[in-house]
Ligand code: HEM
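Okay, here we've got a single chain as structure tokens, the form predicted alone, with questions on binding and movement later.
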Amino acid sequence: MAEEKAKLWSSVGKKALMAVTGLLLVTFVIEHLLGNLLLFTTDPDPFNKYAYTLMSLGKLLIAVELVFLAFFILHMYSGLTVYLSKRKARPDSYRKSGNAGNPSKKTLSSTTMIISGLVLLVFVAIHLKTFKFGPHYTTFVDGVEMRDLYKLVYQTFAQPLYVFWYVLSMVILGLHLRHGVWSAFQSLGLHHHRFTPAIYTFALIFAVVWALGFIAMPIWIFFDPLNVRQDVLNLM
């Protein structure tokens, strides 16, 4: 038992833990973006019903949130400890940045993982404060009273500074995902000279698509091409 614990908290074990928790957190990122696609409509009901369905899960939702919180904490802890141990072993190497070219996979993404991770930590805290614990507007959908989260989103993304912060954070998320997804497979030993280029390309495409997906939402709402915002805010 003691040997197994020592292995888990070894450098290899921490990398594996960081990889597993990171990939599990990616599943949340995927679900979150798919839910946000409902904001690209003029009808607030589908998005509010989606949010209401999640909230109606009650204790189950709380349990899932606590599980993802645990993943988040473990991911941060393992990432920080791996970074600090590498920096202690090779302090000079961390003064260099940029793309090292092939066959190296050193990129801006890989050399700024700790920075991007800390920025995303701040983003998550602000995001939760703004939306989960923000103003509670109410609406009725099919006779059921529920939170009007659609209105809060449109209210928030009418603010240019918040839109700028959100877009910047999603660019940073893209950088984090680009290296994180690829290195997760590598840390788990799921790599081979035949498949590594494909995995690396997949990680790049995934990061770009998901970052652009999140970026498109606040920009779409801010510029309001369908003239939805005023109607929504007039209901406040």
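One-based numbering along the sequence shown. Because the structure is predicted, anything quoted here is derived from the model rather than measured.
Below: the form predicted in complex with protoporphyrin IX containing FE (HEM), not depicted.
- Although protoporphyrin IX containing FE (HEM) is omitted here, in the model of the complex none of His32, Gly35 and Met217 has a heavy atom within 4.5 Å of it.
- Note on contacts: among Ile126, Ile114, Ala158, Leu108, the single residue with a heavy atom within 4.5 Å of protoporphyrin IX containing FE (HEM) in the model of the complex is Ile114.
- The single contact residue among Val82, Met146, Val153, Val163, judged by any heavy atom lying within 4.5 Å of protoporphyrin IX containing FE (HEM) in the model of the complex, is Val82.
- Just one listed stretch, out of 169-177, 197-205, 60-68, 38-46, contacts protoporphyrin IX containing FE (HEM) in the model of the complex at the 4.5 Å heavy atom level, and that stretch is 169-177.
- The closest non-hydrogen atom of Gly22 lies within 4.5 Å of protoporphyrin IX containing FE (HEM) in the model of the complex.
- Shown alone here, Val209 lies farther than 4.5 Å from protoporphyrin IX containing FE (HEM) in the model of the complex, counting heavy atoms only.
- In the model of the complex, at least one heavy atom of Met76 sits within 4.5 Å of a heavy atom of protoporphyrin IX containing FE (HEM).
- Contact annotation: Leu190 falls outside 4.5 Å of protoporphyrin IX containing FE (HEM) in the model of the complex, judged by heavy atom distances.
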